[in-house]
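As a starting point, one isolated chain is supplied in structure tokens, in the form predicted on its own.
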């Protein structure tokens, strides 16, 4: 694979191509770093744009409320995660003109591109739920899906002496769909540790018809909720949060009372996507081919991670598995070659269950989470609580900063979902 394959060749020499990446989170950073390693010279310009310089290790947000980590330990500079030779622009995006191949920036400047990667993730849109940020917000109604909310919730849990704690998912899709369940499991552990579990009623409220989107995993997770004494309320579509009275109210009129509510708000795509004709869908995500990650709107536009409208979980592992194929397809597009259509929706999730244990699930577009081991028959146990899985989740943080973000491959863990070690015949 040569550098020339990524550049215009003219009679006068080589003209540099510009790859613009919108977003300096997981997907944008690992894509930029992989592209820089692929093109070490100056003939390909790589520009990353983001409106702030705070790169958050988002799996760590779950641990902040329980005092297992501090918010300062999970935030680093975006700029410092990028390899030398990548330009970082600290400026909001106003809109993208996909017809003219121009990004209009918030400071009034324009940035043209030969290839565009939308990696702006998903954002919380609390204002879409009536009353959510009204009376009681950050007093007895919280979220742990951002740094400020997670830190405030830590203080609230420290002062909570009993009552009904409700964990509520407003609607799908959300980042890391298992995180609200993990919160329930860790809350059970936390209140046992501080000696007030018998005074706390835990309830999980979801718009789904089960504990999770995948039936096999949903059955296992529902069993864990029951075992830990967490009530499950399903098909609850939250229309209003009444913080003053301590009530969640669904669109069909049902109510769930609370003394402390942990709410996962509605998610949407970056606001500039809606201001960019043809780029996104009604939620602000970018429709792409689910196997190549190429935009449905224009062939020189790609999307990765939460920003991509693909039928799989908005989880960090998905972004990591997408990265190799997305970078290869940007290269192939610029070189005029057929794209790689091999992304299979591979998703891998560690689910903290408390007391130093975790459960691991691994699946893709077509395959349910299966029992067995990952990534081989002598690997981590699947669909089974274990101390080893908990240690695996803890190990992921240093791997994230030092291997995945820099764009390195993990030995033995490929993009495609592995079948070796799985008990494929055990699930119809």
Partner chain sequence: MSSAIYGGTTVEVNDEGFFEDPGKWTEAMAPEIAKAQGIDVLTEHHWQVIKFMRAEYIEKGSGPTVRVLGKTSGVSIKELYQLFPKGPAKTAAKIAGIPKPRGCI
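Model, not experiment: these values are computed from the prediction. Positions refer to the first chain, counted from 1.
Absent from the display: the form predicted together with its partner chain. The rest refers to it.
- Contact with its partner chain in the model of the complex, defined as any heavy atom within 4.5 Å, is confined among 85-93, 131-139, 195-203, 165-173 to 165-173.
- For a residue to qualify, one of its non-hydrogen atoms must sit within 4.5 Å of its partner chain in the model of the complex; none of 218, 370 and 389 qualifies.
- Exactly one listed residue, out of 213, 71, 271, 300, brings a non-hydrogen atom to within 4.5 Å of its partner chain in the model of the complex: 213.
- Residue 209 is the only one of 107, 337, 209, 226 with a heavy atom lying within 4.5 Å of its partner chain in the model of the complex.
- Contact check for residue 252: a non-hydrogen atom falls within 4.5 Å of its partner chain in the model of the complex.
- In the model of the complex, residue 311 approaches its partner chain with a heavy atom inside 4.5 Å.
- Taking the partner from the other structure, its partner chain in the model of the complex has a heavy atom within 4.5 Å of a heavy atom of residue 237.
- Contact annotation: residue 180 falls outside 4.5 Å of its partner chain in the model of the complex, judged by heavy atom distances.
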